[in-house]
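Have a look below at one chain only, the form predicted alone, in C-alpha cells format.
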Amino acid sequence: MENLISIGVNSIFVGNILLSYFLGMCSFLAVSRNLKTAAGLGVAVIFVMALTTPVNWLIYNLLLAPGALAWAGLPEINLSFLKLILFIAQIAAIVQVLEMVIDRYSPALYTGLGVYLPLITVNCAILGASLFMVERSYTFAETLVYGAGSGTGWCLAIIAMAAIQKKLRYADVPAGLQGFGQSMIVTGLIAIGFMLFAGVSI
C-alpha cells in the first residue's frame, strides 16, 4: 500500500510528467490562458490517462510482451515492437469517445477546447505514461495509480499556470518578458514549487 501511495505522490508532484519530463508542453502553453478551459482540458487528460494507461498495460502484458502469448501456445512470440502502434491506436479510440461525450453534454467546453481536444490523442504525456509503465515494469495496480497520478499532476500544473496567468494580466511585466518568456519563467517556478515534495517520505 505504501508503494502505491509513493507512486501516486511522486507522479503528481516530484515526477510530474509535464514539469519533470516536459511532456505535453504544447497544449499546456496553448490552453493555459483561460482558467475554465484549462480546467476542462486537465480533467479530460486525467480521464484519458487514467483509462489508457491500464488498458495499455493489459495490451502489452497479455499480447505484446515476450512470452505474453504463452496462454495461446505461442510462448516464443515477441510482439513488443508493435507497442507504439497499438498504444497510439488505443489512445486515439478513447479520445474519440471522450470527444463525442463532451460534444454531447458540454458544447461550451467542446468549443472552448477547440482543436486541443482531438490533439490529446497526440499529447506526448498520454503516450509517455504508457511507455514509462512498460519501462518501469509496473504491476496492474501500480499502473492504475501511476496513470491517474500523472493525469492529476498534469491537470494541477495547467490549472496553476492558468490561475497565475490570470493574475499576471494586471502585472507590469517588462516588454521583453511578455508572452513566451513570461510563460517559461512561470512554468519553471511552478516546477520548483512541485519539487518541494521531494523531501516527503512515505
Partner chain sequence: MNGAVAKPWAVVKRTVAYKEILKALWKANPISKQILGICSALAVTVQMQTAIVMGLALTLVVACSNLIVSLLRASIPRNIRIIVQVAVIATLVIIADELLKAFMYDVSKQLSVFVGLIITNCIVLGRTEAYAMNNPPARAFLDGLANGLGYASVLVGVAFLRELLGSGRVLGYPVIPEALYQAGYVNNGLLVLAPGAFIMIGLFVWLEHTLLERK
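Since the model is a prediction, treat every value here as computed from it, not as a measurement. Positions refer to the first chain, counted from 1.
Unshown form predicted in complex with its partner chain; subsequent notes refer to it.
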One residue of Leu74, Ala108, Ile85, Val97 in contact with its partner chain, assessed in the model of the complex (non-hydrogen atom, 4.5 angstroms): Ile85
Interface residue in the model of the complex among Ala171, Ala70, Ala163, Cys26, criterion: non-hydrogen atom within 4.5 angstroms of its partner chain: Cys26
Val9: touches its partner chain in the model of the complex, heavy atom cutoff 4.5 angstroms: no
Interface membership of Leu177, its partner chain in the model of the complex, 4.5 Å heavy atom rule: yes
Contact of Leu127 with its partner chain in the model of the complex (heavy atom, 4.5 Å): yes
Any non-hydrogen atom of Leu131 within 4.5 angstroms of its partner chain in the model of the complex: yes
Answer range among 131-139, 40-48, 163-171, 56-64 for contact with its partner chain, defined in the model of the complex as heavy atoms within 4.5 Å: 131-139
Full three-residue contact with its partner chain in the model of the complex, heavy atom 4.5 Å, for Leu19, Met184 and Ile192: yes
